[in-house]
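Quick heads-up: the structure tokens below are two forms of one chain, split into structure 1 and structure 2.
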Structure 1
């Protein structure tokens, strides 16, 4: 440590190597991911989000929804993600390539939202989501600042919430979602990553592995195929 320049060089090398190792190396591996073209369906996956959904993601990010909701499903058998109905396959890097800023999240105080629009038996519709945002639940805060209570001029708005009881606005008034609320809901309703990419297929169970390896190729081989498809 007596030699100043060498010391500084060491410090610099430490940061550079870890940055190159984690960021550059994974960029080399994943940076070229392209959408996967499905011949039978005749289109590519993941599909680009509609403009309104992309704007909704900005609202999702700026309100900090990711502090309680994740958007990453772990593989079946690793945790209860599948059993909770959050997704039948694990999330893969390809799912996120069209997202300006993926909201993976790190806390599951609330449910995972990766496949919110593909929930079974029924996915929440726009009105359910708007009501959740306006009314809240005992465990979900209400965000009434995303709505506007305004006097009804002429005919009532088609978008106004149908509220009953003490939540209903005064006579002659209606509660209408703001543009931010609408884009947020459009985003939430676009969350559906259920297309099965080759790399997302679960590895065969250990016992069945031998038989299936002959039939379908080993998991390693299927990864290779994926890579080549990606390069095309």
Structure 2
């Protein structure tokens, strides 16, 4: 090819410029986001999670929870997330600035967990979540390796699960959550993105310009022509 080097150089430049425009520009725009300070409440949002919750996110990622759960509420018109009670507003980039590894997920075999801690009408407490992890459901796997069955020394631990039936441990033993289970539950109970940022508010409906029909955006002249044809 006579102009082969020039062609490949141009192709390389086009790919490089496109990559820089999409990746680097997006990183510069979103990577510079900072918490939003609310003068009324006197604090910034989102709030930085406690250390135990931050460690729990590592367990969440290690277990691959994002394979079945998402953490992103879609805007109205793109799904029924808000109607299902998964959030009162759409998720925005600012929600994730304190997360080193945002767990957006790509599949919803289970419900979205964005606002699990603020779920209406009631949010699951720590005991409910620990039991779910240990017992599982027909659609949720068991994570019994996050717990330990140990002999009771003195009094039973306050953190021990209250199990009945076949799941109950032998007499003199208890099932207690490990540190990984406790940090995971702390992380799940920290998921509460209810603050409404300015960028999360729905865009106002477009105002029809003068001389333009409001109903369907059809020029008023077209309506006049239709009326005239009807008279004929």
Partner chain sequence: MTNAPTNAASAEVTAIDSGARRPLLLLLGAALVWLVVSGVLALITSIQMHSPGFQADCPVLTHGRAAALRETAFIYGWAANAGLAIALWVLARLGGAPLRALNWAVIGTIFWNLGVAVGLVGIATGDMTSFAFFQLPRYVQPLLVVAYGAIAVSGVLAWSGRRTDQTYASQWYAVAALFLFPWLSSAAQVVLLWAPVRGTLQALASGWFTQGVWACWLAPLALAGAYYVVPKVSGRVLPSYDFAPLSFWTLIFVGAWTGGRHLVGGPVPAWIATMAVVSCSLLLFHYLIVGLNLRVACGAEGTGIKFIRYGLAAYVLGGVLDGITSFRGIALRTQFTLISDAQEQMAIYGGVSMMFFGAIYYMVPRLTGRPWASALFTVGHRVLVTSGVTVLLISLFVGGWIQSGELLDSKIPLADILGHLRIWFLLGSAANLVILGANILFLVNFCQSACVCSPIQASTENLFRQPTALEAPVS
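All of these numbers come straight from a predicted model, not from anything done at the bench. Only the largest set of C-alpha atoms that superpose within 1.5 Å between the two forms is called the rigid core. Residue numbers count along the first chain shown, from 1.
Here the chain coming from the form predicted on its own is structure 2, while structure 1 comes from the other form. Taking the rigid core as reference, the CA displacement of residue 18 between structure 1 and structure 2 comes to 3.5 Å. For residue 8, the Cα deviation between structure 1 and structure 2 after core superposition amounts to 5.2 Å.
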